[in-house]
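Below, in structure tokens: the form predicted on its own, a single chain.
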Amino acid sequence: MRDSAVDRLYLRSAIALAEKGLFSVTMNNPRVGCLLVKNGRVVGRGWHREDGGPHAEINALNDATEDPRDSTAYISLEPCCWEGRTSACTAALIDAGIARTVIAGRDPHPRVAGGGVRALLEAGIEVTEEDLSKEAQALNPGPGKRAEHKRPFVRIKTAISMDGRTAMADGQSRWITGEAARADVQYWRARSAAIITGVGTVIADDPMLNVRDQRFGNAEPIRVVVDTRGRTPPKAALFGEKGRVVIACSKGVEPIDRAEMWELQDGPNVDLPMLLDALSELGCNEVLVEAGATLNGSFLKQGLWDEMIVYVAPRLMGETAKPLAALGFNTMGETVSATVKSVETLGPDIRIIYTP
């Protein structure tokens, strides 16, 4: 009789391995970990290290300290069963003679979605599904969102005062929060495939929108500026950093050096659903919106968000300062509601994470 408690213990170790790819696997693929266990001993460990590279199962098999035949593979996500940029992991597990697999949850990708489990069962490999999908999916909100809605997982990040203000009337916002909160932002940037801001923020704050904390490796999110009329200054600080810069604009805007011009117009403005669809098609799993009141308001009113990260600083900025979002509601029925997911103290500030 199988010991479910032992299975879950090993499976949580596989999930911990998957977390090693948190800042290097941001495009296309999910973050996955794999543990090979034979005769009560771990004989191989692997995780998906980078986009386009070998999957976790392949890395675990290559890491095996002895013949993995007849071992159990603990995998944080159902193994893929189709060949893309890499070969199918189910085929590798079958060829290696794996006797049993234990997975934390099914892969939502339409090309897998139960097909991996079927392939293993048809090959005579025992498959056990332990319901640790919430723990595994916390590392992979993006692939599921893209599979179901063809859009990345969207986080809106903002810093506010106690009276809900994000910048002074002239646009000045450095610094509302303390060092601990600003350091925490680096984590969210590093795990994102793209960072979206508005041209107003670029003009007012001239942000670099990069990942400066070396703990997160060489993460280089795509920097996207929503700029309908092409007002981004050619010497903006974000052009001085490595990586791609995208200007989401209307048709006919003059090209800007070092930027990719994406014409995504809907009426007078940039079409945000079209922008998210384009980023999903590119392979972006998670995106972070770091913008001002106007763009924040657009994402919120259109329901184009999955989490909101709000850093609240213990200061008052006054009624003339700018709000979190420009919404212009007139009735309670129009308002945006949210649920508190978590609350944490960071130095003098508080971080609140909301979900719709």
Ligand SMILES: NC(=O)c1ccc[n+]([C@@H]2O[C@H](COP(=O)([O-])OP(=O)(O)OC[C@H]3O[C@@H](n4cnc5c(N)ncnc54)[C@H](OP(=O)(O)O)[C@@H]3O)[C@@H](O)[C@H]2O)c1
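Residue numbers run from 1 along the displayed sequence. Quick caveat, the model's predicted, so the values are computed rather than measured.
In what follows, reference is made to the form predicted in complex with the ligand, a form of this protein that is not presented.
J.: Tell me, which of Asn210, Ser87, Thr228, Ser133 has a heavy atom within 4.5 angstroms of the ligand in the predicted bound form?
T.: Only one listed residue qualifies here, and that residue is Thr228.
J.: Please tell me which of Leu120, Leu279, Ala159, Ala236 lies within 4.5 Å of the ligand in the predicted bound form, judged by heavy atoms.
T.: Only one option qualifies, and that one is Ala159.
J.: Looking at the ligand in the predicted bound form, is some heavy atom of each of Ser192, Ala194 and Ala219 within 4.5 Å of it?
T.: No, the candidate spot makes no contact with the ligand.
J.: Find out whether any non-hydrogen atom of Asp205 is located within 4.5 angstroms of the ligand in the predicted bound form, and reply yes or no.
T.: Flag for Asp205 set to yes.
J.: I'd like to know if Thr166 sits close to the ligand in the predicted bound form, meaning any non-hydrogen atom pair within 4.5 angstroms.
T.: Close contact exists here: in the predicted bound form, Thr166 approaches the ligand to within 4.5 Å, heavy atoms only.
J.: Taking the shortest heavy atom distance, is Asn140 within 4.5 Å of the ligand in the predicted bound form?
T.: No, Asn140 sits far enough from the ligand in the predicted bound form that none of its heavy atoms falls within 4.5 Å.
J.: Does Gly105 reach the ligand in the predicted bound form, with heavy atoms at most 4.5 Å apart?
T.: Heavy-atom contact with the ligand at 4.5 Å: absent for Gly105.
J.: With the ligand left out here, work out from 94-102, 267-275, 254-262, 72-80 which stretch has heavy atoms within 4.5 Å of it in the predicted bound form.
T.: Of the options given, it is 267-275.
J.: Residue by residue through 299-335, which ones have a non-hydrogen atom no more than 4.5 angstroms from the ligand in the predicted bound form?
T.: The stretch touches the partner through Lys322 alone.
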